[in-house]
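Only one chain comes next, encoded as structure tokens, the form predicted on its own.
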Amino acid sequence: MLELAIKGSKRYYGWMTFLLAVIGAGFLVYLWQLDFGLGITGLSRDASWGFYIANFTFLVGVAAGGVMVVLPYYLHDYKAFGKVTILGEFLAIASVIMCITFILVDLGQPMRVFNVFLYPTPNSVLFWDTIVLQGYLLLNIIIGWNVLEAERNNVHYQRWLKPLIYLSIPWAISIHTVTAYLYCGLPGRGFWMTAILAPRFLSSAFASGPALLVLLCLIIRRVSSFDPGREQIQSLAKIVAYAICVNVFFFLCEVFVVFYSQIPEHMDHFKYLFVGLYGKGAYVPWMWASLTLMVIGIILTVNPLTRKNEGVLAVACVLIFLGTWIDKGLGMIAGGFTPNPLHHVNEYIPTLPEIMIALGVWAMGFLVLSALFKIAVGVKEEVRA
């Protein structure tokens, strides 16, 4: 089936060439970082995680969001999702590849990642995060490829895949739960020290992942003869609507608990993000923009009239995707590290090299995603013909 990835229109080749150019630019900047060190980033003693880990955290959620099509189709026999399940699995593959790459570029020396396997430490959450990410990637590659191959041959997928499919459902939840534990397992960071962090991560994952999948389905309908289906898109939109409502509710629960308890070291993180602290507030407009985008997204997706209009739905999904990226990416990192445990405000601001490298990683992910989707859509078109 790999041959389907290299057959396409001029528009397809142009898109892939553009992505390769962005990857190349990002790789050149990364070579500079590899030579000079992380000094070209905005990282400091107070902020040891930055833009790379912010994107990693968000993309783990996008990968986990794929379970929202896998679970209804395989576990509850919702046949309508049969047309888009493979798209959700391929989206998870591309997302996990980007997650792993963001971890590698965040390491000053990427060779250090081998220490995780050479000197395994089961008492470390980071060790388990490595295991669950690679396991989830392997599961989706095996399941997605074999199911698509079976569909191409017009036969049922192999029986031995069934246990792997069932295993992938709790595994998807585990990858984002373990990621949340990386944060809330640090007792010196009050912003992350909350038991509701994992549920917050999962709710935003089940909003951002399906939101991106809705956008991709709408794009596929326009650029190919394969139609993912109106019912499928509307079902995904409902998942997005409920998930983003739960996500905002969890956030408001955090705000109530923090300010009702009046614990200064907890309140200061929220104050810094939303009103500024000690005269510094670089993220204030970003966080209010995030909250506004998510609220508008809720209004547009919960209301059946606007949700059923696919043009409006596309706008709503873009707003929700961007809103959750700001909240769980930029806000989660900046809010956790600022102020520091001594209540000093040393702001973390991503540098241009960081952004260039991150764009290169995103371009690499979309290159993989475009190739996988080209294969999936090609098979769907073959079967229909």
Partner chain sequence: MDSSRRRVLQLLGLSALGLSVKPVLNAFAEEAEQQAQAQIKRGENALSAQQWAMVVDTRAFESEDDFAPLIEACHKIHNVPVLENKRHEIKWIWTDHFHNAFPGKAARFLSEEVEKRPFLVLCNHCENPPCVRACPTKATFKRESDGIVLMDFHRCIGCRFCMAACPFGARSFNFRDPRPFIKETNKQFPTRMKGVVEKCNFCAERLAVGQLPACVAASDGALTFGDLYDPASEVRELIRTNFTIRRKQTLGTEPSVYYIV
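Positions refer to the first chain, counted from 1. Predicted model only: the values in this text are computed from it and were never measured.
Not on display, but discussed next: the form predicted together with its partner chain.
Annotated contact segment (heavy atom within 4.5 Å of its partner chain in the predicted complex): 104 to 112, selected among 154 to 162, 104 to 112, 74 to 82, 231 to 239.
Using a 4.5 angstroms limit between non-hydrogen atoms, Asn55 is distant from its partner chain in the predicted complex. In the predicted complex, its partner chain sits within 4.5 Å of a heavy atom of Gly42. Put simply, Ile355 is far from its partner chain in the predicted complex: not one heavy atom of it is within 4.5 Å.
Proximity of Trp49 to its partner chain in the predicted complex: non-hydrogen atoms within 4.5 Å are present. Between its partner chain and the residues Val318, Val29, Leu359, Leu38, the one pair within 4.5 Å by heavy atoms in the predicted complex involves Leu38. Checking Ala198, Leu215, Val312, Val125 against its partner chain in the predicted complex, a heavy atom within 4.5 Å turns up for just one residue: Val125. Within 4.5 angstroms of its partner chain in the predicted complex, the stretch 177 to 191 places a non-hydrogen atom from each of Leu182, Leu186, Pro187, Gly188, Arg189, taken in sequence order.
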